[in-house]
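One chain follows as structure tokens, the form predicted alone.
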Amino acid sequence: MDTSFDITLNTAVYAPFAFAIIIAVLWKAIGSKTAAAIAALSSGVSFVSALAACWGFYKLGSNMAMFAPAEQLYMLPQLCLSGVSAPMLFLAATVSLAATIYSLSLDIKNAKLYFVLLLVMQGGLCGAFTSANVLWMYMFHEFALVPTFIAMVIWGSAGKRMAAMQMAIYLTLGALVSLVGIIAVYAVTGAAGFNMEAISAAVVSKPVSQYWQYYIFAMLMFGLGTLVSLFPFYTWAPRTYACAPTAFAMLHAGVLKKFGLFMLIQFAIPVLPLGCADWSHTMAVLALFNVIYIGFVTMAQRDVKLMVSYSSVGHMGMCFLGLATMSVLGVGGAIIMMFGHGLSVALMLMLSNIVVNRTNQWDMMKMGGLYKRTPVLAGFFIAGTMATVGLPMFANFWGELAILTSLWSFSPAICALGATGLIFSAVYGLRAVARIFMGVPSGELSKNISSIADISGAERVAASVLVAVLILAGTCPGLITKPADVLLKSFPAYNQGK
């Protein structure tokens, strides 16, 4: 790779940390607006750098390496890109940009601390998907997780303390189990270090026995699965996203929750293929609970933010179904599904919060008729709903299509049951649109309907960024699938599936 790749990749990851330090150093000399401007500049720099780094990686084409390392920057952790991490990096940078722009429209108490935490979370997200060292991936994940907990306690909505405590317990236990699994891989392979290339080389020279693969993969599947809200360890997620400040909820549900899937795809399954094969049907059954059971729970929600939050848990089931196939098509579908879902759930969390703020109502049954007052908001909400449902032109469509196609070879029965997720999404998504924007305003809303304003300029820009990238990935899916296929085909584990 050339020098520009080294610079842009390191900038994409470390710029948010650097700007957070700048705000901290100038704490007494700057005000809230200046801190917000610095955060917006940081997000813009990180986004442009991530775009440039991913484009440089994509231009490698058929010569694309499994892992493209960047030159190490001083004593900082070394970074690299792969066919899985490149789209995840761009997802993190895109959602970070949208979340920061949206935050500019808010009146935030103690805004300097808010933006410092937001920047630390953004840097942690980018680092978690690009570190060349597995332990540093884990550490970057923790850097991104801690700000969410702090932000929930300070700026969260009703029920925030209980939600924060539940999230901390579940994710701490999941992270600890995952860490034990990572250390176990290092121990049984005898690798020279925790670097991905070192572990891969050790596995080739000394494959892990099936006995150890079975138990180690179980630790990683359930530990990382808890971070992704795999059934039955999902209960922390809906309340967290409903109670957390919107920008942090966007980053957590849209990006950070994909870390567990990312680690399974790039690390656990290639290193422990026999263990994954042993657990694949169990994984598929648990994923079906995410799709079907959570689908029914989502349809029962009247709270618009809880509906979006539960839908996020349900869609993670589709991603796990793709992983269970252990095929290039299925896992590739999971990657593009992760990308599309990250954008669409971030968009829907932002829009649902705008709806709540405009109407002062959480209950969708107490809304209605907003289309005439907020046509732009309605347009974005409908676009986000269509993306969530998986309509063509949006990234989610290609992910769901690839996953279901690969599932047919894996198990026609599981494929048929998994396809019900499309029906659930259509029912609760379109019903939410009808209840919020169509018909006539409810009695509670009709009194104040004339004072409700459409979304602001900053909100429109944030929503436009997310929708534009969703459509770009939906119309040009090869930007994601091409580098992902190169990586997946290089792993023998993914050649076992059909």
Partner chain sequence: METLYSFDWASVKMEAALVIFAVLALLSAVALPRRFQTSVSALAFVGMYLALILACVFADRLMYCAYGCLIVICALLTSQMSFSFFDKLGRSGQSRNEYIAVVMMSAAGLILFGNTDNMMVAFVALECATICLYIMAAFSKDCASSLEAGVKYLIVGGFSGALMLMGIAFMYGAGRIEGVDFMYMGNFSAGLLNGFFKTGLVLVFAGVFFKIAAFPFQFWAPDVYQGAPTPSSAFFAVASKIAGVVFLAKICAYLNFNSADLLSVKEDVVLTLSVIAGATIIVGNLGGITQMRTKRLLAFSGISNAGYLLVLIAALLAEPSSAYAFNTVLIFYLGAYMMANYALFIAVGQFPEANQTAQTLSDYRGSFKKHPVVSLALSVNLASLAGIPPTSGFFAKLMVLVLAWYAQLYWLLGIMVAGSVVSIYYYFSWIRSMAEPEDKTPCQFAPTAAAKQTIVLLAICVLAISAAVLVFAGAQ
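Positions refer to the first chain, counted from 1. In this text, all values refer to a predicted model and were calculated from it rather than measured experimentally.
One more form of this protein, predicted in complex with the partner chain, exists but is not displayed; see below.
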task = Flag residue 161 as yes or no: does it have a non-hydrogen atom within 4.5 angstroms of any non-hydrogen atom of the partner chain in the predicted complex?
result = yes
Residue 197 within 4.5 Å of the partner chain in the predicted complex, heavy atoms = no
Any non-hydrogen atom of residue 27 within 4.5 angstroms of the partner chain in the predicted complex = yes
inquiry  = Whether residue 184 contacts the partner chain in the predicted complex should be assessed with a 4.5 Å heavy atom distance threshold; does it?
reply    = yes
request  = Determine which one of 391-399, 246-254, 359-367, 138-146 lies within 4.5 Å of the partner chain in the predicted complex, judging by heavy atom distances; exactly one does.
outcome  = 138-146
Contact test, all of 383, 433 and 465, partner the partner chain in the predicted complex, heavy atom 4.5 Å = no
task = Would you mind picking the one in 231, 371, 212, 267 that has a heavy atom within 4.5 Å of the partner chain in the predicted complex?
result = 212
query = Given that the partner chain is left out here, which of 299, 179, 426, 419 has a heavy atom within 4.5 Å of it in the predicted complex?
reply = 179
ask   = Considering only 188-219, what residues come within 4.5 Å of the partner chain in the predicted complex, judged by heavy atoms?
value = 188, 212, 219
